[in-house]
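The chain below stands alone and is given in structure tokens; this is the form predicted on its own.
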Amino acid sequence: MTLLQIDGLSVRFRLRDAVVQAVTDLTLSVRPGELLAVVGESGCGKSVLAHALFGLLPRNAEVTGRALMGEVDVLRCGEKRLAREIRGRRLGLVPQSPATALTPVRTGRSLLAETLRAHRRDPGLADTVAADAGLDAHALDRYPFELSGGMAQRLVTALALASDPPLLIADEPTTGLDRPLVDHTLDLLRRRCDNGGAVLLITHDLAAAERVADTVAVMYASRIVEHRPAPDVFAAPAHPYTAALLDALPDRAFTPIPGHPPMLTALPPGCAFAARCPRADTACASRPGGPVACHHPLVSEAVA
């Protein structure tokens, strides 16, 4: 059983003189009890994936592929059905930018109580839901502009949890939090999965992904380049980009990746990482597929 099955998702933004290839031919699935972490550098397409699933892309976006929740394709079902059946009910979102997600003239308690009522839950649960997200009850009586960045982040997490959706998409949910609250939030997400829910965690924090994820999908320049069980990815990365990303961590080699990612308006037809990869050769002019999108993987059995 899968809660979400994404097949061949591509997102293009048409500009006046260019086309931005934000997500390219992405295929992923999320099952009950699974925490899937999508990781990669800023600008690789992680957040665009989340916005596509919620129907929150701008008008110049062109979306192809499908994303099934049961028999419903959330990419094609239309705004009314998304609002009535999907958002908050089957699919919850912790947004990346709390400042733009919160209504400035409503207190946190008002927003949280309204969300609970909308999903036929007791608005008196507001303090409990807030506490689960690591937010003190007194902070609920403040307006968004009175909250610190970390408090606002915890409030949007509480709002996403209020409807208790089967699948939660958490887009950088630890932004602005200190270490104890990062750990608290990660533990909260992990418990949801252990209790039968599912989480798609979008993050650039590799330590967070290593701590809680069951599976990891590594994105580079709009494409998934490695999708494997989390312990395998962190112990023995198979794609050269994944290995380089891990080697850039302070507790590993602390070595930056040379060069720069390609422009999303001019992606190469082959491997997008080839220009930065010491293992690249003529074979990399064609794009490889599979769970490790590399012609010369570091772990050969990973491509089987």
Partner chain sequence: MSLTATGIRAGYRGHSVLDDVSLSIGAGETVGLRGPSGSGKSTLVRVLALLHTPDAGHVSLDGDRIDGARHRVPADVRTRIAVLFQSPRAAADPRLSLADLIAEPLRALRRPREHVAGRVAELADRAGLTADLLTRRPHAVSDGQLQRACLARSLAHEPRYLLCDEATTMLDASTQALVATVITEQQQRTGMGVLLVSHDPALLARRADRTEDLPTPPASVR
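Residue numbers count along the first chain shown, from 1. In this text, all values refer to a predicted model and were calculated from it rather than measured experimentally.
There is another form of this protein, the form predicted in complex with the partner chain, and it is not shown here; the text below is about that form.
Proximity to the partner chain in the predicted bound form holds for all of G43, R252 and L264, with the criterion being a heavy atom within 4.5 Å. Only one of 145-153, 71-79, 118-126, 210-218 places residue heavy atoms within 4.5 angstroms of the partner chain in the predicted bound form, namely 145-153. The contact with the partner chain in the predicted bound form, taken as any heavy atom within 4.5 Å, belongs to L181 out of L181, L161, L188, A230. For the chain shown alone, V20 is a contact residue for the partner chain in the predicted bound form, at least one non-hydrogen atom being within 4.5 angstroms.
A residue is said to contact a partner when one of its heavy atoms sits within 4.5 Å of a partner heavy atom; A131 fails this definition for the partner chain in the predicted bound form, lying far away. Among residues of the shown chain, I257 is one whose heavy atoms approach the partner chain to within 4.5 Å in the predicted bound form. S110 falls outside the set of residues with a heavy atom inside 4.5 Å of the partner chain in the predicted bound form.
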